[in-house]
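Given as structure tokens, the chain that follows is alone and in the form predicted on its own.
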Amino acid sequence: MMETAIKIQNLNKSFGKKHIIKDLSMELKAGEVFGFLGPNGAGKTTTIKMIVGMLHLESGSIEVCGVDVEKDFEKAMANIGAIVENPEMYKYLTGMDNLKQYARMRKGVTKERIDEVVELVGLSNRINEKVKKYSLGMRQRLGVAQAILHKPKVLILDEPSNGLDPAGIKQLRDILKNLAHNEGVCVLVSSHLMSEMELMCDRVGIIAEGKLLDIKTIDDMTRAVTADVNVIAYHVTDASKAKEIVDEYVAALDIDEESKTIYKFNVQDNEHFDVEFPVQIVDELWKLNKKLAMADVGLISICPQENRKLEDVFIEMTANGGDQIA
């Protein structure tokens, strides 16, 4: 069983009369990439700033590797590497000089370690150039190198993909997954790039209006929203005639009325439609397809549609601040 790297209990934070974080509790494990998702203003960056000590807690507690952030701040922070909002560095110095400067503030960072992280983030060819010549993506990678210099047990990155091209995003993804899965680092990533989070993260937590809506693995998150319905796409010779047959078939099914309300027939054109079926009847759809064929509706193709992506789940869960989530 993986050990807990970050433990947050009943966290609250207000600015003036506005309650930003509302009784937030969650646990992050060593060896995982954890995605922290939410709309703008949901409370992601506020939570991260409290974890790294940039904001005081109003109530609740945060532990990093078993150390309370407020009771023993320095010991807790020794376990963290972080980039919050934008990586800060001296633009008139080279990338290497920036890393050496940062290394002086951390115990035990050797020249070999600096060379290792430079190689890891793919900056070997440019590390001796001044940072003012770096692209935004290169500065982002230098920031990651700086954050992991002291081999932290927890790495926190707020929107780390900003400014990266597709190749840079994939490289960063591989770096973070390697740190988590091969070196046991707990990686907390906040991002708006849903497709990237789906490829990168082991688990995701979704927050809206300061409330944690859910924490699940990527597979469980998408499966939870689509558990009661399967969508089948049809290409036929006559969609109008097919609709009459499908309507009659579903109406005659021996299933409860609530399940029947899941059924939806969505016409695309006179040859294409998709049907949302109750999941419990999908295994017997061959009977419906046989009825269509016997009624001279030509079946050109029948294709189950791809499961909903994390982006679809995110939009559905965060609508109206998650009020529709049980």
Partner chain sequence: MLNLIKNEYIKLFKRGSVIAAVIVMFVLSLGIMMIFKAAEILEDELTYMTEDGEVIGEGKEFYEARVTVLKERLEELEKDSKSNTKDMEAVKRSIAVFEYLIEKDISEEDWRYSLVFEVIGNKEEKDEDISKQEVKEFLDNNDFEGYVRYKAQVTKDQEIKYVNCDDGIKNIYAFMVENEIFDSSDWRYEALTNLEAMAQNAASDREIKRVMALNYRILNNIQYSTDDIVEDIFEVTDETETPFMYGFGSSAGIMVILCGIVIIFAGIIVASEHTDGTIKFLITNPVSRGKIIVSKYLTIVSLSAIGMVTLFVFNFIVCCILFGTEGINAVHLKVTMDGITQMPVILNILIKYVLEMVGVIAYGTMAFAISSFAKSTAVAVAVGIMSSMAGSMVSTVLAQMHQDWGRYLIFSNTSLSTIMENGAYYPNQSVTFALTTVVVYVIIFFTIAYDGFTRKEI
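What you see is a predicted model, and the numbers here were worked out from it, not measured in a lab. Numbering follows the first chain given and starts at 1.
This next part talks about the form predicted in complex with the partner chain, which is not shown.
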item: Option from 175-183, 231-239, 74-82, 247-255 whose residues, in the predicted bound form, bring a heavy atom within 4.5 Å of the partner chain; value: 74-82
item: Heavy atom of M54 within 4.5 Å of the partner chain in the predicted bound form; value: yes
item: E88 within 4.5 Å of the partner chain in the predicted bound form, heavy atoms; value: yes
item: Contact of S124 with the partner chain in the predicted bound form (heavy atom, 4.5 Å); value: no
item: Distance check, K44 to the partner chain in the predicted bound form, heavy atom within 4.5 Å; value: no
item: Partner-contacting position among K133, K170, R106, H192 - heavy atom within 4.5 Å of the partner chain in the predicted bound form; value: R106
item: Partner-contacting position among E209, D97, E196, D202 - heavy atom within 4.5 Å of the partner chain in the predicted bound form; value: D97
